[in-house]
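We begin with a single chain expressed as structure tokens, specifically the form predicted alone.
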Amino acid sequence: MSDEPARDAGYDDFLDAIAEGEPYYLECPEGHGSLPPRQVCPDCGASELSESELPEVGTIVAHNVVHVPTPRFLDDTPYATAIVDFGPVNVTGQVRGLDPQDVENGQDVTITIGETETDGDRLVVFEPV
């Protein structure tokens, strides 16, 4: 038995694509966007999903500053999490490169991959443009 954590094929593929600078989302024939892993469109139920390029820049639409984290993020506090609008999809992640108190809705950010301070696991990170 391996000590490596189990791989979540759809989600880890998405993280790999972001790390390689080729982030994508899934799009159905009706133009609805969703994030992997998905087998069907959550809006219309279509099962024909294709990969489309995620826009380079998104806009923060909601955020909060975490002071009391789950154990997985204990050494990361305080930090800001945000929901970022990338057009067809919204993505949730941690904002870095700014003091958490300086994060505001309406700020433009790019997407990348970082690691948690606590355990080194990969996570979605947003950085200011």
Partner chain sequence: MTRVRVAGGGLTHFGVHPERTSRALFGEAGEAALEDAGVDREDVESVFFGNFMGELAEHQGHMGPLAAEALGIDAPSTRYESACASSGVAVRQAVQNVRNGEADVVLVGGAERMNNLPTAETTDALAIAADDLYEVRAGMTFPGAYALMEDAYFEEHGGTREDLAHIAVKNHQNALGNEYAQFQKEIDVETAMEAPPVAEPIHLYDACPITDGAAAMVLVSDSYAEEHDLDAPIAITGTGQGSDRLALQDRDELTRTPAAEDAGAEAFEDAGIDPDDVDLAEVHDCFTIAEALAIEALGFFEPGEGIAAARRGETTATGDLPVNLSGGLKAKGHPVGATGASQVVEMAKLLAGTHHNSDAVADATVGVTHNAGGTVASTAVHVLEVVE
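Remember, it's a predicted structure, so these values are computed and weren't measured experimentally. Positions refer to the first chain, counted from 1.
Below: the form predicted in complex with the partner chain, not depicted.
This chain is displayed alone, yet in the model of the complex one of I83, V57, L98, A46 has a heavy atom within 4.5 Å of the partner chain; that residue is I83. The closest non-hydrogen atom of T92 lies within 4.5 Å of the partner chain in the model of the complex. Taking non-hydrogen atoms only, Q39 never approaches the partner chain to within 4.5 angstroms in the model of the complex. Using a 4.5 angstroms threshold between heavy atoms, P71 counts as touching the partner chain in the model of the complex. When contacts are judged by a 4.5 Å heavy atom cut-off, N64 counts as touching the partner chain in the model of the complex. In the model of the complex, Q101, N105, L123 are the residues of 101 to 125 with at least one heavy atom within 4.5 Å of the partner chain, listed from first to last.
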